[in-house]
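Given next, in structure tokens, is a single chain: the form predicted alone.
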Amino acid sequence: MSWFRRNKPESGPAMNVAGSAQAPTVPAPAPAAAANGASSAFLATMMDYPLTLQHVYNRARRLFPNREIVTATADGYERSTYGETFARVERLAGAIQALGVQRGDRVGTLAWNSTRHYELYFAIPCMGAVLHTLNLRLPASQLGFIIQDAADSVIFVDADLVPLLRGVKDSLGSVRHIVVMNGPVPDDVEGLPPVHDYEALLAAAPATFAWPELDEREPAAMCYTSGTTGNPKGVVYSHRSSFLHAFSVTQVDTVGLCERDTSFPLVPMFHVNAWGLPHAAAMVGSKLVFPGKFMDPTHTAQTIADEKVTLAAGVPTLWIGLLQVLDRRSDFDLSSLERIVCGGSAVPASLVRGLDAKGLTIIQAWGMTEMSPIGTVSRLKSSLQSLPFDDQVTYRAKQGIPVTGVDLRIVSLDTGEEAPWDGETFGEIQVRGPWITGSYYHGDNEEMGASKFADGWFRTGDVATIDADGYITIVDRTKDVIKSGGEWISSVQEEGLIMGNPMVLEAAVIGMPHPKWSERPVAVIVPKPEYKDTITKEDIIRHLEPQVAKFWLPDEVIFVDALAKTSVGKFDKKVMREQLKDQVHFEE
């Protein structure tokens, strides 16, 4: 994926500074290798068809005009279809152009998952601009930095999120217009750029739009990393990379999204394009259900039951909450739900078992912002399906095998060489493929992550093992893996084991400095409400002792009401270490 301005170019059409495609330079054909002593030039002459999101847009509008798109609201559900929604997309493109947006301009969205947000998912990139989804859960300092760094020209914002923009108004220097959707324009917009009403803009726009011819390597969207270390970094997705990633989401052995599905992306649309589900859904004509801002476990269960959802996607915290609701209530009919796709952090085996007991199947996936994001999916190979249930759960709790299109290797932390497929050797995951970024926005200087790229591979910073069947198991981040007395300890594996204790709701394990052993593990645990006053450290140690080596046992167990999390629901261990630095002290 190449960014049109600062990054190193890929092979393919050059991009001028405005982002428009220059005429491609076609190299002279190289002679084919001689075969059996004969010398002949033989090249394929397939059509050079651009893989752009315009194709996905046109396909959905023509083939699936009556398939529903639904958004949960405070009053029930707002219903539309691909035909109705994509007719509005055409008006929206004209409205955006009337605001002065040109090819290559970044257009920000600050919004919940909704049909209006979905309209922007196609109008912006298909007109040649760049969809820039803004994370509404970031602190003001990071949100302001991202808007400035991307130089957004226009921001579309949900009415109830306008206060977030007021909080960063000093960072809106590049922003020429703000458009308010999913509600009326608030009264208090003083100090903001000119503010417009979304529906009024659409009503004033022409019904048709002359879509430009796009090159597949032009930028379509961008998303920033969560910024757990330093400022967030921008990742730019091309039309080609988004198209191919959506293709991957429709493969049977990955997510398997198809026309018969009713898909429910609870993963935010501001987070890596909702894992590619919005684009893939239009590609195959799946019914789409958006949660709006109603993502608590009870609303989630109700929406799945009401809309007969077959595929839902989100982070483990959501499904832990859903399981709690189902333990208390039996009045939700979730029989339509065929599979839950889960990522963002490791899925504990206890969650796999708990959902299975309710007749629900969870499928673990792994990836990153830099990977668009899907890299692996944990589906059982046919050779493993005859295993006993507990052994199957062991595999399903792994992060899975690489999907088609992603090359993956594990590089040993100790030797720097590629690790054996023994399921034991810790190493950093490195990946490459057509939807994996080759550089960050603004280029590859050291500050922005030059060290993240090596010999054509992206260094993910995730530590894992890989077994003989090709299944990876994430054991940590490179900055979180615990090395105690020269031995590695996987905080992720230990967290999963602790969450298998029936008294535990959530658990994080962090390494804290130790004068003798360098680091020792400390468990930070949120008990289930009914055990809040009775659970003890000894309960946790007794639960772990039969399952781990003695040196893995945590030296301290701390019970808390809630765990620090990042804006996308991952455990924020940097914050936890800071919180505990004055509380945990080890003696030799």
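None of the values given here were measured: they were computed from a predicted structure. Residue numbers here begin at 1 and follow the sequence given.
One more form of this protein exists, namely the form predicted in complex with adenosine monophosphate (AMP); it is left out here, but the text below deals with it.
Shown alone, this chain has one stretch from 357-365, 101-109, 158-166, 211-219 that lies within 4.5 Å of adenosine monophosphate (AMP) in the predicted complex by heavy atoms: 357-365. Site residues Gly343, Thr369 and Val568 are all in contact with adenosine monophosphate (AMP) in the predicted complex, judged by any heavy atom within 4.5 Å. When adenosine monophosphate (AMP) is considered in the predicted complex, only one residue from Leu202, Ile474, Leu380, Ala301 comes within 4.5 Å through any heavy atom, namely Ile474.
Only one of Gln399, Thr254, Ser490, Ser153 lies close to adenosine monophosphate (AMP) in the predicted complex, with a heavy atom inside 4.5 Å, and it is Gln399. In the predicted complex, at least one heavy atom of His271 sits within 4.5 Å of a heavy atom of adenosine monophosphate (AMP). Although the partner is absent here, Ser226 is a contact residue: one of its heavy atoms lies within 4.5 angstroms of adenosine monophosphate (AMP) in the predicted complex. The closest non-hydrogen atom of Asp462 lies within 4.5 Å of adenosine monophosphate (AMP) in the predicted complex.
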